[in-house]
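As structure tokens, one chain now follows by itself in the form predicted on its own.
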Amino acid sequence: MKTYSTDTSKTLFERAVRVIPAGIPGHVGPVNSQFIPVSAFPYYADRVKDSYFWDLDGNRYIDYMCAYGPNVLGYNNDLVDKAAADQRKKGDCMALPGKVQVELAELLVDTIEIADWAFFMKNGGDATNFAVMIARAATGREKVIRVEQGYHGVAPWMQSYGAAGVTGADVSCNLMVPWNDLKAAERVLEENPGQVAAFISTPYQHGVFGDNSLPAEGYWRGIRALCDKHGVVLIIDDVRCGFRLDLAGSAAYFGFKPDLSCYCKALANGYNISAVVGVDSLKAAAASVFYTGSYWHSAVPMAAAIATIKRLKELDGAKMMIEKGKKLTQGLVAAGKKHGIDMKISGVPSMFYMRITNDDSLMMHQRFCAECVKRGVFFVSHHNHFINCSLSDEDIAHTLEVADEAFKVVAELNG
């Protein structure tokens, strides 16, 4: 099978590092990235459609990162793009909100199990930050319980002391507990009586460089009971999982009810919008918080979100993506076994994490991902992957053909 050359990306990156810090900022760049070894990966995309992107050298990839989550229906989905274009003709960033703001809020209230209201912003970090501010406004307390290795954005309080630009004061109100540890959460609450405003967590543990972990039986019921007992606001960060587990919310998938839920990635199929939804008892607190941005009322992403959610409902999108994910991941496990390689899959199949267990150094797994990328299947080394509704059976079959060849290369190199 022919392997790709990505020389054009590398040449452009040489220009980028002269004018952009790190060349490509953030987790998608080769400086701070999941691209290991970096020589195997393209750095820039030229165009996209459905489940694919093409790099600057014209190579096509089946994209299992889905733009790190926003691609839920397929890139450049015709229905979503038409809704956005129709709204753009009327107006996007205007002096006043558009009618679609109310329509989208109504749709989210009708769709997400716990939602009595909705508030819109742009990024996932905007949503998690606002949710914590609501909790503090409602309770008059400062401290926040977070789960170790949980990720909620890049605001200083969400990072760790010692990270560049983060001070001790930024993280002084954080109380950390291990995932799936009810006793630890109870102990922290008892040690900080009347001081904790919120407990914030993703619906299941999906950090990087480690297997994803689902909630233990009774975990979320226990956390809900502790929050009720101590007057703590329960916040679910559904930015990454949202709509890939259940359209009613990932909390509905796991059978519990938070007070606030945060959404972003799959909300509008790539159009720039995020949201916090919440219960009626926190509506006044949300209204009291001053929180706004220059483009937060933009109407085009709201129209795109309405079209996205309606289409997901028509397709039963969450169920579809879970089924596609099962087919893919079961095939990956079988292909690895054929070559004596143990591919471990964790998390929910629509947003799975994979890891080769044969080598604790992780180098076998990195080599496997790189060999797939060089043949047109875009996996990254140590992040969860995403399924979207446009992924076809043919795409999955081709992926498994590529994976079989990649496993063979890895097995021979480590024979």
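The first residue of the sequence shown is number 1, and the count goes up from there. This structure is a prediction, so every number in the text was calculated from the model and none was measured.
Although not depicted, the form predicted together with a small molecule is the subject of the following passage.
Thr202 is the sole member of Thr111, Thr329, Gln87, Thr202 with a non-hydrogen atom within 4.5 Å of the small molecule in the predicted bound form. Comment: the small molecule is not present in this chain, but in the predicted bound form one of Ile309, Leu189, Val239, Ile134 has a heavy atom within 4.5 Å of it, namely Val239. Per the 4.5 Å heavy atom criterion, the small molecule in the predicted bound form is contacted by stretch 261 to 269, the sole one of 316 to 324, 338 to 346, 95 to 103, 261 to 269. Within 4.5 Å of some heavy atom of the small molecule in the predicted bound form lies at least one heavy atom of Tyr151. Residue contact with the small molecule in the predicted bound form: Gly124 places a heavy atom within 4.5 Å of it. Under a 4.5 angstroms non-hydrogen atom cutoff, the small molecule in the predicted bound form lacks Arg244 among its neighbouring residues.
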